[in-house]
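The chain that follows stands alone, in the form predicted on its own, written as structure tokens.
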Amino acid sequence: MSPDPFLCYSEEPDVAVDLVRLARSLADPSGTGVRAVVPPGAPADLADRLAAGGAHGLEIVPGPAESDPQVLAATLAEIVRVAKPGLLLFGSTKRGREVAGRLAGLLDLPALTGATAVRLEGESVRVEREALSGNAVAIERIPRGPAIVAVLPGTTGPAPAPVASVERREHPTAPPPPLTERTEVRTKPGGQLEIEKAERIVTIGRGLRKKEDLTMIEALARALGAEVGCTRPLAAEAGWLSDDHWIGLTGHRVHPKLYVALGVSGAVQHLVGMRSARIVVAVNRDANAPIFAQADYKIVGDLYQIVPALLRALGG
């Protein structure tokens, strides 16, 4: 086994720190085997955050942010050849899964994505993953030496003991040219909301009749000190809200203290994204809507009547 058995990478700083803590919980306490990648274009404080989070070493790639996943994978391949990790932990984000897959292809490594738990058992890695849209848990094992496991955001370990000295290695070599040609860049709306961190969320579904009625939903969210979420059709199909509001299997997974679902039917793809909410309030005209099976408080009625009543009660 390599003296540096863990390498952690995510383009999202919070996820990267969580991966370092997870790796430290798996590593030999007497070893120095957790390294983390500081990718090009990373926030200025990321290296210090990873060090404070428990990384024994940092693999620093200077330069501007790189958005081409093939170039990122090639850069990581060079780091893997230097660091020689036994296990690579990635964030199972949209970009993280793509880069992990490309890296696995470049280096001919086994890879699993969507992990909810990781444990070392001898010379293998035991991985738990959601299956059947979150209705089952699949347990799989892959050999270490090396292998890639992409872990769902929010999966982490306890705060580790501080590291006295953190080794920093730079990788200034230029990455290979991208395999695709960039012909146009368009600014995507949104991107500022981190709905996974919201403690209160008001989510709207197909029960909303027109985009202009979002003002009513936003007013309720303000009165509750909440963020606005939505189901897939409102983001991916109608485009009424940006993808950073999208909650579900292929969107974001949230863990709020309060989750208010308005006009949300409760398809299993959506339930996967919000089932960890502590308190769920559901409003739907259909008394048999699946969302009610997940709700602590159930209101059968038209959201166009219920929401104004809630606003009056809240003084909004």
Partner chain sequence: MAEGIRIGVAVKHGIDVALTRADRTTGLVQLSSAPRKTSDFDKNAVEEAVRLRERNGGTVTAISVGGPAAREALREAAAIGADNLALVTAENWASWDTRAVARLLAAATAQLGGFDLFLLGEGSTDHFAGLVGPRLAAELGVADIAYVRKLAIEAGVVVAEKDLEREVEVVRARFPVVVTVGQEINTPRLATFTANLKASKKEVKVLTPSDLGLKAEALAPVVTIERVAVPETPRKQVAITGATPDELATRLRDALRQEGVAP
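Numbering follows the first chain given and starts at 1. Not measured: the values here are computed from a predicted model.
Although not depicted, the form predicted in complex with its partner chain is the subject of the following passage.
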Even though its partner chain is not shown here, does G33 get within 4.5 Å of it in the predicted complex, heavy atoms only? no
Taking any heavy atom pair closer than or equal to 4.5 Å as contact, tell me whether A100 reaches its partner chain in the predicted complex. yes
Please check if T215 has a heavy atom lying within 4.5 Å of any heavy atom of its partner chain in the predicted complex. no
According to a 4.5 angstroms non-hydrogen atom cut-off, is E78 in contact with its partner chain in the predicted complex? no
Go through 202 to 210, 79 to 87, 157 to 165, 127 to 135 and give me the stretch that gets within 4.5 Å of its partner chain in the predicted complex, heavy atoms only. 127 to 135
When its partner chain is placed as it is in the predicted complex, are L120, R169 and N284 each within 4.5 Å of it, taking any non-hydrogen atom of the residue? no
Contact residue in the predicted complex, from P39, P69, G266, G57 (heavy atom within 4.5 Å of its partner chain): P69
Check each residue of 276 to 295 against its partner chain in the predicted complex and list those with a heavy atom within 4.5 Å, in sequence order. A277, R278, I279, V280, V281, F292, A293, Q294, A295
